[in-house]
Ligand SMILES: Cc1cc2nc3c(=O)[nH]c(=O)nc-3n(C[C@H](O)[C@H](O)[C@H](O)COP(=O)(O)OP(=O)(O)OC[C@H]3O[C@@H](n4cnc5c(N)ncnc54)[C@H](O)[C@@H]3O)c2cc1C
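Just one chain is shown here, as structure tokens, and it is the form predicted alone.
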Amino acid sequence: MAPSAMTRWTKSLSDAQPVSYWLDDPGRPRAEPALTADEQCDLLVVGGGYSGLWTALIAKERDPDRDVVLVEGREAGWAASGRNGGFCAASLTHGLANGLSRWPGEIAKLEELGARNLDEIEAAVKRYSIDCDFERTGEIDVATQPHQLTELREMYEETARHGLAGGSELLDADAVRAHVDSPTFLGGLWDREGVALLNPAKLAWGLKRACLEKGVRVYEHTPALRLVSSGAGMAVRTPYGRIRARQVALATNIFPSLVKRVRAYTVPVYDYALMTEPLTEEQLAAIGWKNRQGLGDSANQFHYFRLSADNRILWGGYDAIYPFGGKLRAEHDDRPETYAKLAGHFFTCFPQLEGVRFTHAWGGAIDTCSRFSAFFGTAHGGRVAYAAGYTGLGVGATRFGADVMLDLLSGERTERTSLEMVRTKPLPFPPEPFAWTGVALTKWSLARADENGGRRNLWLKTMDKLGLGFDS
């Protein structure tokens, strides 16, 4: 990238606010009061992101008489649930390719459950009148290199062999550019039915409101500090009081689990995004984005991008940053060198939008695990359930995870708890410095594969054989 071009593109960031566009909303609801006395309940949910909010809401839907309390260390939706791209995917396995490689024998059931889960999210949005700009637009995976076009065709053929390609359409260069016009697009694979787009913060806030209307007692600015057995149930200590509960659902995802043995299964990866100013009619016409699908390119280091309700473009991804030691720190949320890189990539993709400015630039941690999709379990004799490891596709899959946690707490065998995906765990991450070295080597290898026609080096092939599947 020429220095002059970099200077020109970074000027587009001069007014960008370092905060999530979605959370920078004057309509943001007020926080619920903190817990300041002892409490007791049937079910305590720890965590006020999607995972916890869905768990509390579905628990009340299943049994309106169940006494449910939810605690959140800051405010509902403030972390990954309010900072993501708003892609609500049906996939429970971080994409069909990952699911096919790990659970080929039950992939049809996983796809069926995922499609049903997305339908239920759409129904809940309507039932609770959640104004979150929900659009069932689908998503196009675009090829920007010849080998990616071959990979998309092979993926389409593979899904067709499994009878799973019903909602997909393979697009050549002219066809994909008729949907969204970029000189970098060589073709694409359109999943017509399996992805919805939404405003992620408004979804979280709407779920919080629905929980309150159902009678869930929500305490914000109430971190859960310690989990211990207490008689026939459990107790969680908070700064100002203790909560006794018959059962506990842990929905803390990337934040350290109150069940310490779970912590080795996840590491934080920092993801970053930009949001443009609203596009004019002329700018929209220049890129021809008529059907408002979400898009993602097919590189290992990939970008995801979409239109907002007010016709801004969200542009994110590419740089996935793992901090040494896996420590969560607020300073990692803002990374100007990544913003500059993303701005350059944006104008390479859409040169016809030269002069557009970015109003917001932000980042934050997501939880990832070695199989790139959620895992589940119980502790303390089945009185505690947990779910984590969604790896960036939690907007939709967390609702499924909520159902799984409630199934596990019920002690009953269901179609969800019978799944191998639910019954097994990913490989834990090694201690430092091995984790950082492994992640760094993997990221370097993925970048090399992108530059070398998708050819995977010995390190990536070894990871594949070990079932670690670093392909995204």
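What you see is a predicted model, and the numbers here were worked out from it, not measured in a lab. In case it trips you up, residue 1 is the first one in the sequence shown, and so on.
There is another form of this protein, the form predicted in complex with the ligand, and it is not shown here; the text below is about that form.
- Among residues of the shown chain, Arg371 is not one whose heavy atoms approach the ligand to within 4.5 Å in the predicted complex.
- With a 4.5 Å cutoff on heavy atoms, Asp297 does not count as touching the ligand in the predicted complex; it lies far away.
- Taking the partner from elsewhere, Asn84 is found to have a heavy atom lying within 4.5 Å of the ligand in the predicted complex.
- The shortest heavy atom separation between Thr252 and the ligand in the predicted complex is within 4.5 Å.
- Using a 4.5 angstroms heavy atom cutoff to the ligand in the predicted complex, all of Ala224, Tyr304 and Gly392 count as contacting.
- The contact with the ligand in the predicted complex, taken as any heavy atom within 4.5 Å, belongs to Ala80 out of Ala80, Leu207, Ala343, Val216.
- Heavy atoms within 4.5 Å of the ligand in the predicted complex are found in exactly one of 280 to 288, 124 to 132, 392 to 400, 375 to 383, that being 392 to 400.
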